[in-house]
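So this first bit is one chain, no partners, the form predicted alone, shown in structure tokens.
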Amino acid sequence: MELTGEEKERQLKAYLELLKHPSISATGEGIRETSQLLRELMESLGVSSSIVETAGHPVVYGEYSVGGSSTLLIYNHYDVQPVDPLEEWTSDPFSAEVRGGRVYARGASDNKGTLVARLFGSVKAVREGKVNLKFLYEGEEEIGSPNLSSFVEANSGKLKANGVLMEGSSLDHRGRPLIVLGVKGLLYVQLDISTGERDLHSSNAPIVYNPAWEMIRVLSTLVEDGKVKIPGFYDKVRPLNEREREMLKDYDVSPEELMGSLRVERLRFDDPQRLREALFGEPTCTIDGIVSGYIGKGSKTVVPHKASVKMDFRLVPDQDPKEVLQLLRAHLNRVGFKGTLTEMGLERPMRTSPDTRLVRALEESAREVYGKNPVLVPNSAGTQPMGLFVELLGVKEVASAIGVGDPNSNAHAPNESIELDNFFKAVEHTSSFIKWYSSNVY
């Protein structure tokens, strides 16, 4: 379904307008305004939509019914990550600047570009198809979807569907669409240690406790040479099976290409297959940020009075984030951690079958639009709330695909961007997918 010049102009205008509206879930900046703008866009395309309140940021929900016997639920999120560090951006994060054939803005790839491309592509195709559409646009994905579970549970009847198309993936280093069959899970926590009411002159160092050193001691007990040292952490890890390992061989990116796209000087592994299996099949414990004492310009001799660390654990099937949280608490008690642990986000890991109508339609449509075979991977290296739809709605056909990003998109980082051509390709891919899925209705 090739796009006309008029269609491209309208789609790009809507995309850039959405990008210009901040919607940072961590701070709440612009969330309300963006949800309203999104609802207005949906209504303009004929999608019956509403803003649904939650205990946090609102959900934007919509339906487009054609009286079909099958229904697809399309999930995306309209919230974005904070823009820090701002000084590393070449242009304003919310200016939606187009230069060199790329669109630069926070959310350009993750996830506003995919959201808008799918919305236009699906509405264009469904008018000729046999599949009803439901749209669920979340405003809290970037902070761990704390209220999505209760929303899905409370609206399980309304959300009933035959298949779920999750937040889009991306193109690989060869320009091939990725079809992702699952996700890693997540446990996000914060550790805090406080030893007094204020920072002290460092001459007091011989007689007072330094919370920064204490935090370093505790953190050193968690990971060694990339392996998590928490007892029981690996007990429920489901290893990749032979078919899944074979899938990963199609993800044939070289270590050099990965280093180039990630802008790093070295990787933990040199062997490409070992890299792939670690990226998609192994759980992790990551320090996301550490704050303690004076970190400004110049010098200031102090003993800090508090130290804080934010951490995430990426989990794989069949690890349970609640169980891992319990294991972490027990470990911290064993090593004499005297601070507080705050749980800030839980998501279950998930892998679904490649042998579904949904996946077949994604494969056929990818070949039709891109002229290339797509790449299937058993699960993403990152996290999204796929498990909620499998567990709470009982949907078996779930996958993440049709994304606008590429290995140079810098999602979550400064100068996030996408190739403009990939945005329009995603619109076409969505339309083709709906057509192929409709042709297999039974």
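All values reported here derive from a predicted model rather than from experimental measurement. So that there is no doubt, residue numbering starts at 1 and follows the sequence shown.
FYI, the form predicted in complex with another copy of the chain isn't displayed, but the following is about it.
Stretch 138-146 is the answer when you ask which of 353-361, 113-121, 233-241, 138-146 has residues with heavy atoms within 4.5 Å of another copy of the chain in the model of the complex. Listed residues H331, H305, R102, K134 were compared with another copy of the chain in the model of the complex; H305 is the one with a heavy atom within 4.5 Å.
Note on contacts: among L341, V98, L325, A278, the single residue with a heavy atom within 4.5 Å of another copy of the chain in the model of the complex is A278. When contacts are judged by a 4.5 Å heavy atom cut-off, K300 counts as touching another copy of the chain in the model of the complex.
Within 4.5 Å of some heavy atom of another copy of the chain in the model of the complex lies at least one heavy atom of N410. By the criterion of a heavy atom within 4.5 Å, E88 is counted among the residues contacting another copy of the chain in the model of the complex. Within 4.5 Å of any heavy atom of another copy of the chain in the model of the complex lies no heavy atom of G175. Residues of 245-260 placing a heavy atom within 4.5 Å of another copy of the chain in the model of the complex: L258 alone.
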